[in-house]
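Here we start with a single chain on its own, the form predicted alone, put down as structure tokens.
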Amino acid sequence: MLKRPAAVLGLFESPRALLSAIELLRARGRWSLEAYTPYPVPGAEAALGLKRSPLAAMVLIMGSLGALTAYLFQWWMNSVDYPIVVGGKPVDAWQAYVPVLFEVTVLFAAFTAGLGMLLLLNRLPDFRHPLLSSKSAAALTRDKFGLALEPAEGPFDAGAAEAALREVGAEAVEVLNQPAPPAPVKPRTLLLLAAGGALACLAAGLGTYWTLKLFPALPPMSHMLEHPKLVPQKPSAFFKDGRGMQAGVPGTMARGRLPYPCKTEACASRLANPLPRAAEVLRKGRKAFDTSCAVCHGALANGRPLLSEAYGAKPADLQSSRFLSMEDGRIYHTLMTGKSAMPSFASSLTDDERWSLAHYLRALQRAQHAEDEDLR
């Protein structure tokens, strides 16, 4: 088969000689120039007329995309899919996202820089490039500087290109021939590659399975069940008091939960019920009353308990005149602090349940003391 020249390569002793040859040959405009150097030569890109590499912009865009992707994944997971309040902080506290943001940004940027440079910009690997089979390839990786003249437009005159390189000071010139086209891949080869890949995957899977089966815990790996942990109610030598379960920091409170401000009934009488007297509020109040109050005060809040005489206590009649004129704030205060034998319901009823219960008690009282206008 007749060999066709793909380029003519000239070797130069120094970067200065290479840059000078590029300037002289580029002015003639008959060839496309390509330089091969063992290390970056400042000014070579400008001398060859190459445009600025888009790699920096590619890395910036993909790094920003990586940061945005990491943020959205963490925001959705922590704020929407599985929100958990940790230490009283908001579920979308972005400060906790920074380590993952940094790592994913670097991951996207590094892959873009490496794969983008190799596959997109340099179009590597190219195992059939004529330079790889040339005599000058070894010298170009050590201390020589190469300049290749490649076809631009029209027929390529290898003799003229060789003479031009010698004219500008090349110490050695080599004609690089176009490699023969690759032979078509045989079906047998494809089958062998597929079978080899399948066997490799099978061997890796079986090897991993039996390794973990026979050696379940190899340093530094260990089972999660064997990790050191602190069991509730157990002592711990880590803290000075020797207790594993630590009390909250004095003076702190959970987010969104202000402490109850009133210590006396006079203070509580000035509190206004923040909930409207609506059907949904009354339903919530009835549920709270039936759960926490009816067993002692009776279903009608008339002081007749649902318990037997063995109960012995004398709960208050909430239908009496004293309670008819009692402010909602004082009812709320009693539920918060308790009274006489009645315990506090501060921990068992929510804030809205206590205010709803006050509304429902008013409805019970109005039902037992109906006025003329209620009967119309």
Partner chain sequence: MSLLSLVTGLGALGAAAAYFAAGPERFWANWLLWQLLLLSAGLGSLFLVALEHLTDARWSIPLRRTAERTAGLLAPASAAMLAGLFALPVLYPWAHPGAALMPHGAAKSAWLSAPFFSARVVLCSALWLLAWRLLAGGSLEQDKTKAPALSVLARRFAPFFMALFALSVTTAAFDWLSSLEPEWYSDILGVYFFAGIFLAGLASVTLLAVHLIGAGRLPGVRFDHVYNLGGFLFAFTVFWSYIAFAQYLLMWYAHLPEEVFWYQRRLEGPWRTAALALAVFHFLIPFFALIPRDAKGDLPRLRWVAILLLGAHFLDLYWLIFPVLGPDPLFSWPEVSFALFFIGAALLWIRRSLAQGADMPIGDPRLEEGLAFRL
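Residue numbers count along the first chain shown, from 1. None of these values were measured; they are calculated from a predicted model.
Keep in mind that the form predicted in complex with the partner chain is not shown, yet the notes after this line are about it.
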property: Contact stretch among 96-104, 288-296, 302-310, 241-249 - heavy atom within 4.5 Å of the partner chain in the predicted bound form; result: 96-104
property: Lys339, Arg322, Arg52, Lys314 - the one with a heavy atom within 4.5 Å of the partner chain in the predicted bound form; result: Arg52
property: Answer option from Lys263, Arg277, Lys89, Lys234, heavy atom within 4.5 Å of the partner chain in the predicted bound form; result: Lys89
property: Stretch 59-85 - residues with a heavy atom within 4.5 Å of the partner chain in the predicted bound form; result: Leu60
